[in-house]
Each structure stands twice: as structure tokens, then as C-alpha cells.
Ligand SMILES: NC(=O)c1ccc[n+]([C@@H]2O[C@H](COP(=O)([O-])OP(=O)(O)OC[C@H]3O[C@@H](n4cnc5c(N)ncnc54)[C@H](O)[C@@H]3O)[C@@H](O)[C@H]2O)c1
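First, one chain by itself: the form predicted on its own, in C-alpha cells.
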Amino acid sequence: MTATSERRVVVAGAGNMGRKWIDTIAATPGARVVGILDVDAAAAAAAAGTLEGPGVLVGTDIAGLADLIAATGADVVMDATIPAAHHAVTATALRAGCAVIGEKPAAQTLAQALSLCAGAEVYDRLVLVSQSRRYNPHVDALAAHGASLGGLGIGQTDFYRAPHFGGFREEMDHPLLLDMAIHPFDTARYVLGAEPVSVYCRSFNPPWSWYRGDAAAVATFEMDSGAQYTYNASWCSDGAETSWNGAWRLNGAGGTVLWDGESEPVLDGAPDLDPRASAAGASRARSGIAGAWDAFLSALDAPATTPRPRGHIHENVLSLAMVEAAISSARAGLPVAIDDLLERARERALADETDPAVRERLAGWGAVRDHLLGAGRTAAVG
């Protein structure tokens, strides 16, 4: 990246994640934080004070984000706000001509996420959701091993932790599914190479739980490849805890892959399978938010015909759909078809949309799944 292509970034959100993003961006040659937005003026000023170089402008109101973008000449917005603010921040940034990289989820609801997909199309800008746990060389190796097995039929994640967060998570109706499950759901789509079709989920709260809402769940997804993916999880299980990435098992025609969430995945396959060969496709890219940031910058600089990076909003929406479908199934006690959920979300998005151009684009889509998987496969101008 040359000095003439410097990326000027406004960071929205100066909390813990916002500060991590500020540090990551500041350490990147050719990128500079030029503005910080946070409802807490002291937090925004403190974050700005950690940066060297020209003065960083600060703001405290999402309604003033467009003005902050104009005043700084920003071409990128990094959204580290709470999920309830994601739609407003991203929609404003798109209308102001900025590309956006944001923390998961893409938006607080699936309907809002579909609105942002249409907005990215209307304003021809890249929106990437940082599913940071997918940027992990062990996950790449897990996917590579799985692909070597000649077709996967079973995927499973066991996740057992006992975090005492305090605060809002312990008061949520579905803390595990809403706040954590999107990570393994997104990873499952990647390593299985398949998309969700339906889900049956049962959520519950063990009697010893310190959460008000359901802190445990079992969800089984049917994938379009015919594979079944099962998520067995609890946020109130002391003892023998798994990794924060969970413990994974993939089973296919040629054997099984196991991953403890921390070490290299282990392939137990047919005698003619070479674990070293299947793992050769594992990425050596950076992990976590640094990996997401690198992918975002590469996509911005890529030719218009280049495939978009994983995590771009059209691709990411189906991970959020898995979360909403699992919660819907748990509430109803019945299986939920993902396509039905997507179409209802589009109806809600059309009813709520205030941007006429975005509403028109949404209304012009065909089936939502087909549009998400088929449209926008190449990079936006961004």
C-alpha cells in the first residue's frame, strides 16, 4: 500500500474491542485512524490520546458520523459499537461513501443485516463482518483435512465453559445462542463447505445456572450438502472446560478429523491419506482481528473481478440466520426452515427501510438465499 492509497479510518466504538481495533489499525503501514466516535466523550478522547501523529477528531453521536467522515476525509469506518447500533453506523457510513469492517453480528437482527446487504449494493461499497475466530490457521487446517475425506456427513462442536460475566449477558433470554453461537456456526459453514437448510434446537437452563435465560442448548442443522451439524453447548458448565473455540469432530467417507480448539487438528483417516498433504492448504495468514483486517484491506485493493473475501456481508448473513433460526426453533419447540426465516426477514426489512434506493434494491431480489449466494461475488469498488 502506497502513501497515495492511505486508508483513513473512523473507528466507531472506543470500548475494549474498539481499542484493540485502534491498535491493529495504527500498526498497519498505509492506514491511519483519523476519527473516533463513542457516546462516552471521555472514552473517545482517551483512545485518541493513545495515537501518534496528526490530531484525531472525536464525536459522540451516531447522527454526527457523516459529518465526522466528511471532516476527516475517511474512506473506511470500523464499527466496534454494540449490536443495536450496527445498522445505523454501517448504513450511515455507506451513504457517506465509506467501506465498512465491523464486529459481529452484522446487525442486531437478520432483517437489518439484509438491509445492509442491499445498501452495500446500492452504494457499491464493501462491508465485511469480522468473524475473527474464522481467521485461525488451525481452522484452515480443519477445513483442509475435512475436504480430504471425500465428502463430510457429520460435524459436531462441543462447547462447555463457565464464564461469570456479570452485566447484560446474565440477563439475556438466550445468552449462549445470541452472544456466542455465531462463532461456531460461522466456522461450521466454512469447514463443512455447506450452507444451512433447517434446524431443530432445544435450549434450557440447568438448575444451578447463574444466568436468567437459557445458558445451554443442543442444535442440529441440516446442511445443503446433506451433512448434519450438531452444536452441544453450555455457558454454565464448571470442570473439564473446552477451549473457547470448542471441541470439533468432522466425519466423512475417508475418516475423521478431531480438533480440541487449540492444537493442530488430528486426521484419523484411511491409510492412503497423508495428513501433511491435506494440511498443506492451511493458511499462514494472521489470526483474529488482524486476519480480518488484512483480508479487508486486500479486498479493497483488489481488481473489481476478484472474489470477495470470506466474511463479506452477503456471505456472513447465513451465519446470523443460523442464530435466529436456532432461537426461533427453541422458542417454538419445532424445526425451522432457514429459507422461510430469510423471506420473513426480507419482509420486515422492506417494512422498516427508510432509504428508498435500498428498499427498491431489496424488493428487486429474487429468493433471498439465491441472491445472497449468487450476487456480489466480486469485490465492490469500496
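The first residue of the sequence shown is number 1, and the count goes up from there. Bear in mind that the values here come from a model prediction, so they are computed numbers and not experimental data.
The protein also exists as the form predicted together with this ligand; that form is not presented, and the subsequent description refers to it.
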*For Met17, is any heavy atom within 4.5 Å of this ligand in the model of the complex, or not?*
yes
*Exercise: Asp75 in contact with this ligand in the model of the complex, heavy atom 4.5 Å*: no
*Even though this ligand is not shown here, does His183 get within 4.5 Å of it in the model of the complex, heavy atoms only?*
yes
*asked:* Quick check on Thr187: any heavy atom within 4.5 Å of this ligand in the model of the complex?
replied: no
*Could you spot which one of Ala285, Ala247, Val122, Ala85 gets a heavy atom to within 4.5 Å of this ligand in the model of the complex?*
Ala85
*in the model of the complex, which of the listed residues (Ser203, Ser132, Ser148, Thr157) lies with a heavy atom within 4.5 Å of this ligand?*
Ser132
*Go through 311 to 319, 25 to 33, 38 to 46, 337 to 345 and give me the stretch that gets within 4.5 Å of this ligand in the model of the complex, heavy atoms only.*
38 to 46
_in the model of the complex, residues of 100 to 129 near this ligand [heavy atom within 4.5 Å]_ = Glu103, Lys104, Pro105
